[in-house]
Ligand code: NAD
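Before any questions on how it binds or moves, here is one chain, the form predicted alone, in C-alpha cells.
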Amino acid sequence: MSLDNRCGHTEVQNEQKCCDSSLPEQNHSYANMLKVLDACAEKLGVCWDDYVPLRYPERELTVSIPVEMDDGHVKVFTGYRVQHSSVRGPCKGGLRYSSDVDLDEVRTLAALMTWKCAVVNIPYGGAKGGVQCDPTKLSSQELMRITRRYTAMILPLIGPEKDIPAPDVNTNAQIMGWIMDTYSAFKGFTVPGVVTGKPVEIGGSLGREDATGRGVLFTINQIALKKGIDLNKASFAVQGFGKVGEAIARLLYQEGYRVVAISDISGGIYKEDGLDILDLSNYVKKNPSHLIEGYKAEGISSLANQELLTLGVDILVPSARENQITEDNAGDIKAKIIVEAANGPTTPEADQILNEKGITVVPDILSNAGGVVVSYLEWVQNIQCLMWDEKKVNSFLQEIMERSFQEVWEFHEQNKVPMREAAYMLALDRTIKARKIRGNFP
C-alpha cells in the first residue's frame, strides 16, 4: 500500500485538535497515543471525519467494588473497563490489578489493543480493564471476592460477542476462571468464551501462557533476518522478568541465544557470556518475593534498570511497564534494535531520538501481539467447541506473526517511514475502512 492524499482537511483537523477540550488529551499516556495516531493519520492522508471517532473511546465504565476483607471490615476498591473500538469485532483486552492503575492508563491500553488487533488482522476491537489494588497484600479469598464483584459490576459490558477480558499485570488464569464462573452463574449456563487465558481444564488454550513471549521470539527472528544479524552471535538485554519478560528470556535461552542482562523492580544482573536463564527462573519461582533480588551465580555483576537500557547489546527487549525509554535516556541507548515487549515502553520524544540515531524499533502493537493472537485462537476454540494441540496453536501463532511482520516491513520499506508509523498506519487504515463500510449511526 502506498501513501495517497485522500483528504485536504489538514487546517480543519489542526484547528479541531487544538480546540476540542472534550478529548482526554490532558492525560499523559493517552496524549502520547494521540500524538502517534494524529501523525500517522496525517501521513496516511485520511479525512478527519473518517478517523476522528477513533480518537475517542466508545465506552468508559468506572465501578466501585465493596469487598468484605478477611478481618471482617468492608473496603471499597475502584475498577475500570474501557472499550475503545468495536468497529472490527468484539472488544478484546486484558485486566490488570495494580495500586497505580487509573482511567488514563486503562484508556490508553484499550486504544493500543485496537491497533494491535488491527495490525495482526484478527477480528477484534480494543478494550482494557483494571482494578486499583495491591495483590501482594491480599489473600486468595480477598482476590476472589474482588474479582467476582468486579465481574458483576461490569457484567453489562462483557460477553463472548461483546468484550472478552484476559490476564494482564498481576492477573492470571485463576482470576480468569473466577470471572468465567461468575459470568456463567449470572447467565445460568457455562460460557467459556467470556474470557481467554483461563486454565486448560475449563476451556483454556494450550500455548497461551508463553504466547506473548513466543510472539516476540518470532518477531526477533524476522527482524534479525531483515537486518542481517546472526542471532547465534548476538547479545540480548531483557528489561522486566515477569510473565512476559521471563518467557522471552527463557525462549531465547532455549534457542541457544545469549541473554547478557535481566532486570526487574529489584534491580538487574549482567554476565557478558550469558546468563543461565533456567536457573534464574527457578530461583525467582522459589523466591517469596518472586524477584531476582538476591540471586547469586559465578561471573554475574549487578546493575540498575536504567543501566540495562543503555548497554551495548545487539537487541534490547523492554518488557516492563510504560514510558521506560524517554527523551532523557534515549540518547544513551546503544542497542542496534529495540523489540518492544511491554505496552508503550517508548515515549514519542524518545522515538524521534532513536530514529535519528538509526536504531530500529519494532513497535509493541506488532511485536507483543502474540498474547492476543492466541487469545483469539482460544476464543475460536471455545465458540466452536474445539481443542487444538499446542503444536497447532504455535503454528497458527507463527503464521500470523510472520505474516503481520512482513506486511509492516513492506509498508515501512515502500513508504520510508519508521516501523512504528508503518504499523499504526496499517492498523488505522484497516479500522477506518471498516468504519466506512459500516457507516455512522444514525
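So that there is no doubt, residue numbering starts at 1 and follows the sequence shown. Computed from a prediction, not measured in an experiment: that's the story for all the values here.
As for the form predicted together with the ligand, it is not shown, yet the points below apply to it.
The closest non-hydrogen atom of residue 207 lies beyond 4.5 Å of the ligand in the model of the complex. In the model of the complex, the ligand lies within 4.5 Å of some heavy atom of residue 305. The ligand in the model of the complex is approached by residue 241, whose closest heavy atom lies within 4.5 angstroms of it. The ligand is not drawn, but in the model of the complex it has a heavy atom within 4.5 Å of residue 263.
With the partner omitted here, the residue from 249, 146, 313, 341 that has a non-hydrogen atom within 4.5 angstroms of the ligand in the model of the complex is 341. Of the residues 355, 235, 86, 170, just one reaches the ligand in the model of the complex with a heavy atom at 4.5 Å or closer; this is 170.
Checking 70 to 78, 250 to 258, 207 to 215, 138 to 146 against the ligand in the model of the complex, the stretch whose residues place heavy atoms within 4.5 Å of it is 207 to 215. Along 94 to 122, these residues reach a heavy atom to within 4.5 Å of the ligand in the model of the complex: 96, 116.
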